[in-house]
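Single chain ahead, by itself, as structure tokens, in the form predicted alone.
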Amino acid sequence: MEKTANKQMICRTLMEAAREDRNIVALCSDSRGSGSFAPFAKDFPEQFVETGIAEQNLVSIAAGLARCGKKAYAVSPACFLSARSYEQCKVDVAYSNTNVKLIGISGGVSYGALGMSHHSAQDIAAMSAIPNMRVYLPSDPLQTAELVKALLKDEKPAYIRVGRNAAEPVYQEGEYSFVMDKASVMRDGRDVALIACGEMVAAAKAAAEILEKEGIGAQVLDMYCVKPLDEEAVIRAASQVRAVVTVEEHGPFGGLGSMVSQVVARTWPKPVVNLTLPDAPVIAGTSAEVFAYYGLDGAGIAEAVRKILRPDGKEA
């Protein structure tokens, strides 16, 4: 699988399906360019709705179309979709149980130097708190395509958050078996479990490779299904390792780390460390620069694991 932006894979997958299913409708809030949906608008003009910079209308119109039998995919920057449209997501989509898939593009710190107004470090917590709303953060292009194909088969609400830039492939065609709402165990290990979502999965995988050279076995779980969380996978991992580390492009409250910590504390108590963005406006820079600064890259995650397993600085 080539290095491709996950948002592009969403568009490609929907275009393939739209050729056979005229009920598939894409909606954008002046975001067809940034959301990579210009090809969809060009090829399927009768199945595309442009609302302009009106995110609340975007969600409500999508819900209305869903009530008329359409399969609505509302595409907008995650920072606005999860904040400006929050009431519409809660009432028109989740409470009304409409077949709307909310696509939050350029999630996390994708917008880099544009700052906190354009960052979405709260969306996992916000959207997960809505009853009847599922939350997904696919890790790479192949998984993104498989997720969209699966979502096309159901009529339940969902929020999908993807980044802005080309995503590093972590799976290869023919070697990956996608299962809806089940975490993927990418590596086995008996010392620490790295549970990550979204583009942090590639970083967790890189950290595991670094630690392997030091004799530390790191299990890596791709928890793309943040809600519903695959609790069985969390419990199984916690039972096999000395400590659990979660990694996410999100703030410290209410995200993947909070959910995993609750499960581990309730079922198989042991040390859990959540690696996240800080509870503060993040520094300006590219995604890679921000991740490195806050220890959310392979090297930073590996260092965090060393501190957990070797708190005195000595060999375990």
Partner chain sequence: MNLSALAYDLRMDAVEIIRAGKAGHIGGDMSVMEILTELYFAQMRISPEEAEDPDRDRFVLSKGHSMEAYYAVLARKGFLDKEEILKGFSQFGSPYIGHPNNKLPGIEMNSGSLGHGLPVCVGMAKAGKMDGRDYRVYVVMGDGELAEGSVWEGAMAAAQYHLDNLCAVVDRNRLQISGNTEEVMGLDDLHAKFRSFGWHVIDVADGNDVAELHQAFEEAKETKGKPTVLIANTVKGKGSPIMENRADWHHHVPTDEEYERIMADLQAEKTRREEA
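What you see is a predicted model, and the numbers here were worked out from it, not measured in a lab. Numbering follows the first chain given and starts at 1.
Beyond the structure shown, there is the form predicted together with the partner chain, which is absent from this document and is the topic of what follows.
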Original post:
Do Arg67 and the partner chain share at least one heavy atom pair within 4.5 Å in the predicted complex?
Top reply: yes
Original post:
Going by a heavy atom distance of 4.5 Å, is Thr98 a contact of the partner chain in the predicted complex?
Top reply: yes
Original post:
So in the predicted complex, does Gln88 come within 4.5 Å of the partner chain, heavy atom to heavy atom?
Top reply: yes
**OP:** Answer with yes or no whether Ser60 is in contact with the partner chain in the predicted complex, where contact means some heavy atom within 4.5 Å.
**Re:** yes
Original post:
With the partner removed from view, which of 263 to 271, 245 to 253, 31 to 39, 49 to 57 is the stretch that lies within 4.5 Å of the partner chain in the predicted complex, judged by heavy atom distances?
Top reply: 49 to 57
Subject >> Output flag, Arg22, Val25 and Asp92 jointly within 4.5 Å of the partner chain in the predicted complex, heavy atom basis >> reply: yes
